[in-house]
Every structure is written in C-alpha cells, then in structure tokens.
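The chain below stands alone and is given in structure tokens; this is the form predicted on its own.
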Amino acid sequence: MKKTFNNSALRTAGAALCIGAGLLAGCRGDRSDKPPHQFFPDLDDQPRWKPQAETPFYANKRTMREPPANVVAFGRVGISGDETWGKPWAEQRVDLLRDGEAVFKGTTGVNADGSPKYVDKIPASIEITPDFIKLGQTKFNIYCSVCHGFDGSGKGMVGQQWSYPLPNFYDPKYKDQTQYTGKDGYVFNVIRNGVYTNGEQKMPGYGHALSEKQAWAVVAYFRALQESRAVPLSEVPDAERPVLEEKIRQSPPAAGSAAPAAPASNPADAPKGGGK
C-alpha cells in the first residue's frame, strides 16, 4: 500500500530538523564533547577577582578593598529568638560590638612615664561564670601548661628544660595589684602579645590563637588557680578531698621544700596563664 504525506507534515518535520541542527550547532566550540554542555558559559563561569590580584578597574589596581573608616564588624549571621543552634553566632555578634580599650587591650591609656595603664580586674562587661572559667581552663591546658605546668608552677614539660626558671603564678608579685604584674590587664596583655625584655622575646603571644574573650577566660582561670592554693584541705568538699589527697600523696615535695598546699580543684586540669 502506498503512503502519502501532505505538505503540512513535511513542513513540520523540516522545522524540527532545523531546530535540532541549531541546538547542535550551539554546542560547537564547547570545552568538552562530553555532557553536560555549557549553553551559557558566562553564567557558569562568572568573572571574579582573586585575593592579592591586580585590576585596572581601581586607581590603585588592587582587587582587595579596604573597609570604610570606622566600620565595625557585626557578626556573619543574624540570630533572633532563643535558638540554641545559633548561640555561638549570637555570642560572636555581642563580642564584636564590645567597646573599650579595656576589653580589647586590657589597658586604659598610659601612665605618666608612658607605660601602659593596665586594668586591675577583668572588665565588668565580661560575665564570669563557671562555663567561662572552664573555657579558660581548656585554653590554658592547650596553650600554657606545656611551659607553665598544669598547676601554674612553671614546671611544665618544656618549662623544666628552659635555660632559666619560668614564672611561678603563686609568686606574690602576680597577686599584688599595687604592682603592674599583679593586674588582670597585664596578664591579659601577656597572653595576647607575649613578653619582651630588653628587646628579646621571652614568651610568644597567643593573639593568633586566642580571641579577647578566650584570653580573659584564661585570666579568670589563672586567678582560680591562685585562689585554689589559699584554700585549706579541710574546706574542700568531701567528694573531692580523696582525689586531692591521693594526688598530694603521689607527688612528694622535693628535698628541702615545703609540702604543696592542696588546691580546690584538680591540678591536673590546669592551663598556662600570663605574666612573666
């Protein structure tokens, strides 16, 4: 039986072939003959600037732009309500907006001789809680205990190999606030910036690793360590006393030295603090 096609069917088929050929022609020059094809490469591969690159667009030819003067960072995520998952970001926004030289430097100007005027105590805008002190303990253990020892006596694993004795946190000069070494601001400054004596660096700063909040937390723990030495064993809670007594028994004093006083918390959980 002979089949016939009308002109309308032929025209439709021809149009479909032309469209198909056009689509295939659109793939000419593509980067690969394998799918997926990029029909609009400019949308997939948008032009961008790389850090430290050069561009003629700006007068100084730098792609990286400086922020406007007096701009204050305000966190990366806005959190509303009491979502527990957003707590770290909400706290970050609060920390970024804290104001004052005392919080960020531990100072309030300079003295008459040009030396820093360190704050006596941790700024009141920083809330000191058990969790805050625990944070300080954690950071102390990571960054400080290797030199200063977990108990702050300067007998850390590295500290014992040092060419000179490291500071003992229980030295009166680190508790007497009439001396600059006994001020919280000084300890904070040491933690963040280190110690230099006659141009020689005696201790590296940890500002690259510890934020202002974390450094103040270490200061709080530093003070907790000092206070622990002033608590007699009889005042330690009954549940904690056997643990401390056992640690004291396992750590006899060196010949000619006094027996160590019992701390109020586990000395094996301590970190490094600040002042030299």
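Residue numbers run from 1 along the displayed sequence. Being a predicted model, the structure only gives us computed values, none of them experimental.
Beyond the structure shown, there is the form predicted together with ligand HEC, which is absent from this document and is the topic of what follows.
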Touches ligand HEC in the predicted bound form: residue 197 (any heavy atom, 4.5 Å)
yes
Counting only non-hydrogen atoms and a 4.5 angstroms cut-off, does residue 90 reach ligand HEC in the predicted bound form?
no
Within a 4.5 Å heavy atom cut-off, is residue 162 in contact with ligand HEC in the predicted bound form?
yes
Would you check, heavy atoms only and a 4.5 Å threshold, whether residue 107 touches ligand HEC in the predicted bound form?
no
Which of these stretches, 233-241, 216-224, 54-62, 38-46, has heavy atoms within 4.5 Å of ligand HEC in the predicted bound form?
216-224
May I ask you to list the residues of 200-214 that have any heavy atom within 4.5 angstroms of ligand HEC in the predicted bound form, in sequence order?
202, 203, 204, 206, 210
